[in-house]
Ligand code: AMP
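Before any questions on how it binds or moves, here is one chain, the form predicted alone, in structure tokens.
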Amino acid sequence: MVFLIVSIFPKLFVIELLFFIMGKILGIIGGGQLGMMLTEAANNMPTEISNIIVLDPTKNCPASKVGAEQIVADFKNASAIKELADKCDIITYEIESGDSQVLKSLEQTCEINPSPETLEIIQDKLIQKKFLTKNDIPVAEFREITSKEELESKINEFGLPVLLKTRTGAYDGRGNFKISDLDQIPEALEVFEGQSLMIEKFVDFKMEVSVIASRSTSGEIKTYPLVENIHKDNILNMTIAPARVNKIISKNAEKIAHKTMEVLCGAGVFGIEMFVTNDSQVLINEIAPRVHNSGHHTLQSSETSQFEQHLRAILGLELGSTELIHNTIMYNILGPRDFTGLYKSPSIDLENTFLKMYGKLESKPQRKIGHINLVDKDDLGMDQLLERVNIVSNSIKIIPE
């Protein structure tokens, strides 16, 4: 068959035709649970994606357990990123830790989405906030901090409390220090010694929400309905879809998310975290240039999951429906605080309750090791669904193996 094609058509056309027939090779920087679910989505698109290769420092990472090949190396390892680019047609990420400068240098070698330029903006929270402000997208007041004197001056300007933040390398609340008293300044600076810092005016919010937004290589933009996020100890505990807000707030949040996608470069799914203030204003807190924990509900709540949507976006396919078919609550399963090591995976046999474990062999305190989606297919209402979440969450016991 290939011989026949070669004899009739020019070589370049044959190569392009084979890519079309066989699908593209997808590279993912990061092979954790997000990489795992991206791989599973890719496995369901064999005509578009023929193979998946992930770059992750943990041997036998979750993505490798569902069919991805793995390059075992640090996310910032330049030679490993170059190896990934040499082997793949498209590179994307499930974590923001890749080296944006190395990725920029490889754009002529391999298609990369979201763009390294966007990754660079988002990796530095100060640059991210400046970018959003420049584009008239609402955020909390902020300033760069380079000294104790500057910190004291900005606290005097903003008033207490304030958040002192590291500009890079933090997630799940790490890298934040809430200063409620001037006596805490020396401790805060000691905790973040040697790191680039910024200060942010504390937002007295009534709700944390997020929009999962997508943009394709053709420029098509779609957003999923606004969801409500409930945190414990700075880690997402559960996501309620849709958010319990009025239509005005919901539409405003989706409008802000749409505008954000218009000004950022590149394609893919983005998790846009926001605050709803006590006077019902919506402010962006942070942006993740990847699929997001608060979008896991889409695996059962929506016709198109965020993982399939991300692949559609970076492949240049038409984006799927973002309609919420069923109200759903996503509950994160975290490792217990009292042990580290092998554990027994829980099991659940309840109607309209979907357990997803991430294949992580070792439990660590507060580590995300799975989630549950509780889907309201019987129109029970959100109050009853929340009651079911409490029952299910109390029944889950992560114990040593």
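Keep in mind that what you see is a predicted model, and the values were worked out from it rather than measured. We number the residues from 1 along the sequence you see.
Not on display, but discussed next: the form predicted together with the named molecule.
Enquirer: Of the options 201, 259, 130, 76, which one has a non-hydrogen atom that comes within 4.5 Å of the named molecule in the predicted complex?
Expert: Only one listed residue qualifies here, and that residue is 201.
Enquirer: Considering 254, 273, 99, 308, which brings a non-hydrogen atom within 4.5 Å of the named molecule in the predicted complex?
Expert: When the named molecule is considered in the predicted complex, the option within 4.5 Å is 273.
Enquirer: Please determine whether residue 89 contacts the named molecule in the predicted complex, using a 4.5 Å cut-off between heavy atoms.
Expert: Flag for residue 89 set to no.
Enquirer: Under a 4.5 Å heavy atom criterion, is residue 111 part of the interface with the named molecule in the predicted complex?
Expert: Output for residue 111 is no: heavy atoms all beyond 4.5 Å of the named molecule.
Enquirer: Does at least one non-hydrogen atom of residue 286 fall within 4.5 angstroms of the named molecule in the predicted complex?
Expert: Although the named molecule is absent here, residue 286 would touch it in the predicted complex, with heavy atoms inside 4.5 Å.
Enquirer: When the contact criterion is heavy atoms within 4.5 Å, does residue 158 count as touching the named molecule in the predicted complex?
Expert: Answer no; every heavy atom of residue 158 is more than 4.5 Å from the named molecule in the predicted complex.
Enquirer: Does the trio 364, 394 and 397 actually contact the named molecule in the predicted complex, every residue with a heavy atom within 4.5 Å?
Expert: The answer is no; none of 364, 394 and 397 reaches the named molecule.
Enquirer: Name the stretch: of 310-318, 220-228, 297-305, 193-201, exactly one has residues whose heavy atoms fall within 4.5 Å of the named molecule in the predicted complex.
Expert: After filtering at 4.5 Å, what remains is 193-201.
Enquirer: Taking the named molecule as it sits in the predicted complex, which residues of 114-135 have a non-hydrogen atom within 4.5 Å of it? Please list them.
Expert: Heavy-atom contacts within 4.5 Å come from 125 alone.
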